[in-house]
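Only one chain is given next, in structure tokens, and it is the form predicted on its own.
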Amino acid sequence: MGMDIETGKLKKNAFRVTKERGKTAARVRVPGGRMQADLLEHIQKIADTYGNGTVHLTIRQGFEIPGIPYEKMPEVNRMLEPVLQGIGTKHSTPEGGYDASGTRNIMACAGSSICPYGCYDTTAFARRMEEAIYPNDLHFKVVFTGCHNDCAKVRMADFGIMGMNEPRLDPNRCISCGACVKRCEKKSVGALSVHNFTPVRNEQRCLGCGECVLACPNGAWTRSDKKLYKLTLFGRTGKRNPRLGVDFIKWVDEESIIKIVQNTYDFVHEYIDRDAPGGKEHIGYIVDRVGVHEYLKWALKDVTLNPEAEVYQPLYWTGVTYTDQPGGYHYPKVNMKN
């Protein structure tokens, strides 16, 4: 079969163009990177029946089934239906499969259901974000990590959500051993000190990482029931101007994060350069071009931040910039105050 196929429709239905002529690969998002094991049987059957018998586990925690003939896409979509239903991804095309090709799979580390360092259920929040932002053709990357160890590398994403949890001390259980102070100094940021034989937390310095909770031998430190987060913005890799995401808000709640992400879609729809290659322009480039002040007006529109939330001021954009100057690149000193 030749290449006489509408590639835009191909990709919009969650298939991708491959190097093998006449063949495609089915792409499936797995929000939060977790799925029931019994769904693997369906995936194997599709790979053996229509693909080349292999499955590629993608960097973004989804999977691809390569080697599928273009004309078999409708059958593959029908076979994928129970998988998509079981995973919980949003999809609603008449032919089956997805109705969006832009926003990438929402990634997450193992989170509190598995990892002792995790401050929240990363998979649950990732699936809630999936419900909030799909379908959408814009190219956004959203990543969740359970704590400040940042195993999921959220600072390389457009939106990074990092778990924070305010530790609570029961002085009646504290035995003044100093274990929490030592742990915080060695493994975190040294936010604890001792006064009158009792550990005292520097609230401004504390990351909410929970190391003190894990270190305490007597359960004097516990995690708060309220789930709060740090939100980072517009990290990116790629050929031009890679940079780490910047801290935007700390101790912020889920509702505010979801609304800020949704508002950013509105911002991009308003300001994106439609003449950019492929009709895509990275959000960070749009903010660079339009200005951080304008972005903040859109991002925080109708957002009622929780009382604990703290917005970082100023915001600093950094990273390598490629130029025509000698050497070819430089690290700019940019201060974009909000």
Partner chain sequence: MGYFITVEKLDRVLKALSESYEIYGPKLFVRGGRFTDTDMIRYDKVASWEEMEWSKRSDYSFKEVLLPLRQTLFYFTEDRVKEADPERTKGALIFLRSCDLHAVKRLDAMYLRNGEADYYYSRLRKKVRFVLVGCQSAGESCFCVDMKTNVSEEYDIGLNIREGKLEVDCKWEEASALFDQNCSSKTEVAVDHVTETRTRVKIPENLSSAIAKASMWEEYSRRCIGCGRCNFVCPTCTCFTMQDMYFDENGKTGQRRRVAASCMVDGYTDVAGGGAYRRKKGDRMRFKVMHKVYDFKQREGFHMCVGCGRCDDICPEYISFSHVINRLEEGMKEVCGDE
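Positions refer to the first chain, counted from 1. Source: prediction; values computed, not measured.
We do not show the form predicted in complex with the partner chain, though everything after this point is about it.
This chain is displayed without the partner chain, yet in the predicted bound form the stretch 195-203 from 73-81, 195-203, 252-260, 238-246 comes within 4.5 Å of it by heavy atoms.
When the partner chain is considered in the predicted bound form, only one residue from Cys184, Cys119, Leu233, Val142 comes within 4.5 Å through any heavy atom, namely Cys119. If you check the partner chain in the predicted bound form, you find no heavy atom from any of Gly88, Pro135 and Lys153 within 4.5 Å. The shortest heavy atom separation between Arg168 and the partner chain in the predicted bound form exceeds 4.5 Å. In the predicted bound form, the partner chain sits beyond 4.5 Å of every heavy atom of Asn149. Residue contact check for Ser112: one or more of its heavy atoms lie within 4.5 Å of the partner chain in the predicted bound form.
Proximity of Val189 to the partner chain in the predicted bound form: non-hydrogen atoms within 4.5 Å are absent; the residue sits far from the partner. The partner is not shown here, but in the predicted bound form the stretch 209-234 reaches within 4.5 angstroms of the partner chain through a heavy atom at Val213, Leu214, Ala215, Cys216, Pro217, Asn218, Gly219, Thr222, Arg223, Asp225, Lys227.
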